[in-house]
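Before any questions on how it binds or moves, here is one chain, the form predicted alone, in structure tokens.
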Amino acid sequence: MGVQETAEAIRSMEIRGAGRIARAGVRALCEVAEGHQGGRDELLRDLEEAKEHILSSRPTAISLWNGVQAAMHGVDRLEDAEAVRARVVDNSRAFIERSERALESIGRIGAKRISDGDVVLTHCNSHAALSVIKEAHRQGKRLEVIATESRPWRQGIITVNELAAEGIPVTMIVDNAVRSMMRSVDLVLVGADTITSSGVLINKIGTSQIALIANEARVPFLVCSETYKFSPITLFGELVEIEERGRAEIIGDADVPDSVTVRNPVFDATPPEYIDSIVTEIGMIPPFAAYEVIVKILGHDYIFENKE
């Protein structure tokens, strides 16, 4: 896909999931660099325009922001077009490879927290969380999964289909049934859209309620997240914008008067106090260590270059 097609696919939810949209955005930038025939200044201008267009498709997704920033890292210091092209291509391929390897590492690390016979509850459709469940299953552990439907887009259907294809016993429930089902759950595994520098989890709407219910029931609540979902811009006081989508996703064809306000927030915020651990490709960390992860992975130079 080109930049326009990629941005539209992300905006329309054809491409969904933090990791998937990050890799798609980076691939689109890489294609701009590879196919460009102009000089350095023209190439930099076109890359910047492409970057802004891609970011506008999901302005709240820090994975997308981190991905395109990584693809463009260091290009403004290069003196000719060929060097810029090579740097963007190399950066893009490195990011995509690191992103895909991260899922394998998260699966291996997180699977250690699943015991034989566990019932695991998951929300929405997270590649990172599912990598943990699938790895535990491949290791021969007996487990069952309860997956929420995840309204309004019903990503839970994708989740149950993936797990059923692996031969993993799975039950789908409506989102409002979480509290009544939690008594039979041993572990909650969710993904992440964004993790702030203070350890707050921004994820699919409904995640915070599940975390509160798990805390009440004394069920461990684990977040599975690649480190590129940690947000460096929150170090400088930037608040995470909670995206809201259209009313049609909620009411469909129902006859609801226009005078009725319909709110459709995509994400909510889960405080770190309700998170037991975050499973990342560099290990299992407490949520309050998010600041150290951001500095360690991205480095001071990267953070201060991109703080505006």
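Don't overthink the numbering: it's just position in the shown sequence, from 1. Since the model is a prediction, treat every value here as computed from it, not as a measurement.
Beyond what is shown, the protein has a form predicted together with a small molecule; the following relates to that form.
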Indicate whether the small molecule has at least one heavy atom within 4.5 Å of a heavy atom of residue 16 in the predicted complex.
yes
Distance check, residue 267 to the small molecule in the predicted complex, heavy atom within 4.5 Å
yes
Does the small molecule come within 4.5 Å of any heavy atom of residue 85 in the predicted complex?
no
Quick one: is residue 124 in contact with the small molecule in the predicted complex, heavy atoms, 4.5 Å cut-off?
yes
Select, from the options 232-240, 127-135, 107-115, 165-173, the stretch whose residues sit within 4.5 angstroms of the small molecule in the predicted complex by heavy atom distance.
127-135
Using heavy atoms only and a 4.5 Å cut-off, determine which of 210, 192, 147, 71 is in contact with the small molecule in the predicted complex.
192
I need to confirm a contact call. Of 91, 227, 155, 197, which residue comes within 4.5 Å of the small molecule in the predicted complex, counting heavy atoms only?
155
